[in-house]
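Starting off, we have a lone chain in the form predicted on its own, written out as C-alpha cells.
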C-alpha cells in the first residue's frame, strides 16, 4: 500500500576491509569503524554522487570548498562565506562542533565529542571521496515507477477530511492534520499530474502525498462531500 523508502547504507564492511592501509586520517582512523559511524549521517545526507537530501551529498567532500556541492541550494550564508576547504583539520573541527567552527550555520547536528569516532569517520569520508569505495545509491525509489497502490488518481476534501483514491481503486480517509503535501521535482519525483502517496503512520492514519510541482496541489484536490 505504500512505497518503502530505503535508507542509504554505508558500504559493506567487506568492501572496506582492505582500505585501512591506504587512509592517513589522524589518530589512525579506521574506515571500517567509520562506515558504522556514518550511519548517523544518513538521515540527512547521501554518500552517492549528486544525491542531495536535507543536506548535500557527501560524495567527494574531501578537498571540496565548503558550500559548493553541485545542485545543492540550501547552504547558509555563513558556510558559503567561510572560505573553508574540507580537509582533515576542518572536517574534524566541523564534526566536533559545526556551530563553533562556523557561527551562524544552519547545520543542526550537535557534533561528535569522541575523537576516535571522528577519526574513523574522517577515514571513511576520505576513502569514499578518493573513489576507493563505491557507495551504491540507495536513496528514495523512483516515484515515476510507483505501483497502482501508491499512484493517486483523485483527492476529495470535505469538512476536516481528505479522501485519497489510488489507481487500485482503494480510497483512504485522513484527518486533514495527518495528511501532508510535498513536492519532488527531481528526476526521481512523480510524473507531472500523477502524485504518489506514501503512508507514514504506524497505524495507517498518516500519509504524505508527493506532487511533481507545487502548482499541481490545489488543482488536484476537489471540494466534494458525499453521503
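Since we're looking at a predicted model, the values are computed, not measured. Residue numbers count along the first chain shown, from 1.
There is another form of the same protein, the form predicted together with a small molecule; it is not shown, and what comes next is about it.
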Worksheet entry | Contact test in the predicted bound form: residue 44 vs the small molecule, heavy atoms, 4.5 Å | yes
Worksheet item: Is there a heavy atom of residue 107 lying 4.5 Å or less from a heavy atom of the small molecule in the predicted bound form?
Response: yes
Worksheet item: Do residue 64 and the small molecule come within 4.5 Å of each other in the predicted bound form, heavy atoms counted?
Response: yes
Item to complete: Evaluate residue 128 for contact with the small molecule in the predicted bound form, applying a 4.5 angstroms cut-off between non-hydrogen atoms, and reply yes or no.
Response: no
Worksheet item: With the small molecule left out of view, which of 119, 155, 143, 112 would have a heavy atom within 4.5 Å of it in the predicted bound form?
Response: 112
Worksheet item: Since exactly one of 186, 36, 161, 68 fits, which has a heavy atom within 4.5 Å of the small molecule in the predicted bound form?
Response: 68
Discussion item. Can you confirm whether 55, 58 and 94, the three residues that make up this candidate site, all sit within 4.5 Å of the small molecule in the predicted bound form, judged by heavy atoms?
Written reply: yes
